[in-house]
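Two forms, one protein chain; structure tokens for each follow separately as structure 1 and structure 2.
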Structure 1
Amino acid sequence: MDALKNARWVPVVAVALYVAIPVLCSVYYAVFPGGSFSLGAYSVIAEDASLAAAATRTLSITALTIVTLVVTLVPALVAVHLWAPKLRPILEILCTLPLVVPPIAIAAGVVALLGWGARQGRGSLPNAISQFLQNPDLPLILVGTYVVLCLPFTFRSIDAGLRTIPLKAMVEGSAILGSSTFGTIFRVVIPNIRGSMLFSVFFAVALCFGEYSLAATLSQQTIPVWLDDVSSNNFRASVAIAVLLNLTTWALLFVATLSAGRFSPAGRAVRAEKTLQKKTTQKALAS
């Protein structure tokens, strides 16, 4: 019986090893060149100005993506829950579709669109818009597409968050107390969907830090694209930065997943119930 019990752990441990080994190998490769510990590979951070430029670009894209995502998605979902429940299915389908459309296909569409704009001739409006969206200092085209790529996950999270709170009663109550709709959303609704908001923010950051297909296709040098470019002449440096990037995105996704469960009213209810159950069973055992 004991052998059978231990056998259950075999696949779990095997998968855990499979997940851990590549990470450990890249850490080893990055900081143990030739068998002795050295952080030499990370000197590229100070030496290569293109990395700093790529990092700045990535960070500004990330910041704008988060702001755009929150400013557009939260009001839209509140509106759908409060005033236009009939539009909810349409919005849900539209927000879920980017999940199945591969990023490289979106990239193809975006290239088609930008190319069409560029062909309209110098000085024309589509041409100017196309140039503006692809400005290498701040490629807004990536901000827009990253918001779209975030939507499937963040829509679900915020939608679930809004569904667990008595939204209508909250808005009505705060209107009776003299608050404007905007003030209500800011001071009552958002604090109540804190977990979903945090999930959305961290998920968006992780996505913006890791996305490669769109940035590479549109020739925008974000950090992942920089990694690929540099790997041909300084492989150790790109592995070293990749380790940092990977651990950062993992940490962000961890926080995102935890905050979605931990801060949501549903998650709180589940945990409260669990502690209650524990207490009652302990009492029952003690008596």
Structure 2
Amino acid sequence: MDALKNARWVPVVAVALYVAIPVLCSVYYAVFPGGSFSLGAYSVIAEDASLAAAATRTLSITALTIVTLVVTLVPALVAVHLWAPKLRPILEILCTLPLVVPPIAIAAGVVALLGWGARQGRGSLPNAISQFLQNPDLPLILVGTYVVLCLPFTFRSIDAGLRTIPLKAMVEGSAILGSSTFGTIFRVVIPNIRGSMLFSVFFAVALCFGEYSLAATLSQQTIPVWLDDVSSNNFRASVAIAVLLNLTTWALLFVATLSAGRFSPAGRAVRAEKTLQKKTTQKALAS
């Protein structure tokens, strides 16, 4: 019986080793050059100005991707849950389509579309739009493609969050008190699905900081593309920065997992019950 209980940890340990060993090897390679500890590989952060530019560009793309996802998908899902539940399967299919389309195929389609716009001649509207979307300082074309890539996971997360709350009763109660529809969404609905929202936000951050193929195909130097460029002449520095990003991503996902449980309706109910029990115990001791 004890052997069976211990056996359930075998898959967990196997997955942990599978994930941890490459990261630990990368950490050792980055900070133990020649067998002695050194943070010299991280000097590239201060010495290479292109890293700051790539980081700023990636942060801007990430922020716009998150805002676009929240502003478009949350109202759409709330509307479908409230007034058009029969359309939910259609919305689900549309949002999960990026899972079956390889990112490189999306990149090929985007490049073809931008190339068509550029060939319309200088001064034409398609050419102006193509140039605007590919602005090196803020490539909005990457925002659009990253929003598409995040749709499947964001849809699942927010949809699950909306299913756990009495959405219709909340919206009707808020409307009776005089709130508008968008006021209800941002003041009532979103605070009640904070766990799902945080998970979606952190996933979008992880994707924007880790996606390479689209950015490289569109010739936009984000952090992953910068790492690839630097690796040709300073491989240890590229590994050091990659390790830093990897650990940051894992930390964000860890926080997202904790937040999803803490801010879920079940988590709030448990905390409220513990608070009530604590107050009841204190009153009983005082009396």
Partner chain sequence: MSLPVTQAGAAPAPHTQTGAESGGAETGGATASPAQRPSLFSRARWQGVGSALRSPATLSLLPLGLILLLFFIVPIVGMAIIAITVTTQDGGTGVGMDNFLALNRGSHSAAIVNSVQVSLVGSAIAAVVGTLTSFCIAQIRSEKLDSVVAVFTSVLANDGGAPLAFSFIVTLGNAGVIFGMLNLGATGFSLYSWQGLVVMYQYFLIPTMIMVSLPTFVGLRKEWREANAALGGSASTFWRRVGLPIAAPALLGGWILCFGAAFATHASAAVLIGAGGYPLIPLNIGDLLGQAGDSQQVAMALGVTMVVIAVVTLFAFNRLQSRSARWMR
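Between two forms, the rigid core is defined as the largest C-alpha subset superposing within 1.5 Å. Just so we're on the same page, residue numbers count up from 1 along structure 1's sequence. Note that the structure is predicted; figures quoted are calculated from it, not measured.
In this pair, the copy labelled structure 1 belongs to the form predicted together with the partner chain. Residue displacement note: Leu253 has its CA displaced by at least 2 Å between the two structures (rigid core superposed). Taking the core as the fixed frame between the two structures, we note the C-alpha of Lys278 moving 18.0 angstrom.
Fit the two forms on the rigid core and the C-alpha of Val19 turns out 2.6 Å off between the two structures.
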